[in-house]
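In structure tokens, one chain follows: the form predicted alone.
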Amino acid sequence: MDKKNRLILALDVTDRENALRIANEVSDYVDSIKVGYPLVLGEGLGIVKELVEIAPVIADFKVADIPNTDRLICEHVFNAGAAGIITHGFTGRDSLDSCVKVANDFGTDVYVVTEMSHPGGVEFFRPVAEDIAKMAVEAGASGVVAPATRPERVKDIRKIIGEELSIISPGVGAQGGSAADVIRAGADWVIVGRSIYNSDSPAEAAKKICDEMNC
């Protein structure tokens, strides 16, 4: 993924018309579009094929199953045209290896969740986040997910992964994270959803975030 704007749109709307309208409006300001279960359950995996005509797509399915099931999920996602997928790491190295292998076959990316951005994200992830980050490096993942709501944790994770992996960071905007702060802490991209797609002008909202990061 080219680091042009350092902004990833979390497109958590549930219908095709809105999704395509918003994606087109912000296309000049985002490097990728992240889609998750709300949109894909509402419109089917085919929506990915439409969105990739606008920007690269990361499938945020937080894959967390046995290796064979993970393999099947990743194959479906990459066959639909997604450029990347987000997985959990707590299911273990063999499950992550399965995802990375499929991604390598397709020439795509795997991003591993180290710690989530909501308040409850510290309850169980905090004790294992750094181990998951180390495993992501060892498994050859493309990057990790670390919380913009806690920039100090992004710094911690960056120390572990070095410059080998990218950090994509959710929690900017509605959850209270600052785009500028988390970029300074070591994130490569910020992930923003509601502050953009709920705005009267998604393009202006996206531009404002880019300006904050001096894009």
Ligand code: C5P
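What you see is a predicted model; the values in this text were computed from it and never measured. Numbering starts at 1 and follows the sequence shown.
The form predicted together with the ligand is left out here; the points below concern that form.
This chain is drawn without the ligand; in the model of the complex, the residue among A82, V113, C74, A141 with a heavy atom within 4.5 Å of it is V113. With the partner removed from view, the residue among A129, A103, L96, V145 that has a non-hydrogen atom within 4.5 Å of the ligand in the model of the complex turns out to be V145. By the criterion of a heavy atom within 4.5 Å, I66 is excluded from the residues contacting the ligand in the model of the complex.
A residue is said to contact a partner when one of its heavy atoms sits within 4.5 Å of a partner heavy atom; A23 fails this definition for the ligand in the model of the complex, lying far away. Interface residue remark: Q175 is counted as part of the site for the ligand in the model of the complex, having a heavy atom within 4.5 Å. Not displayed here, the ligand is kept clear of R16 by more than 4.5 Å at the level of heavy atoms in the model of the complex. None of 25 to 33, 39 to 47, 56 to 64, 179 to 187 except one has non-hydrogen atoms within 4.5 angstroms of the ligand in the model of the complex; the exception is 56 to 64. Of the residues in 157 to 193, those that come within 4.5 Å of the ligand in the model of the complex through at least one heavy atom are, in sequence order, P170, V172, A174, Q175, I191, V192, G193.
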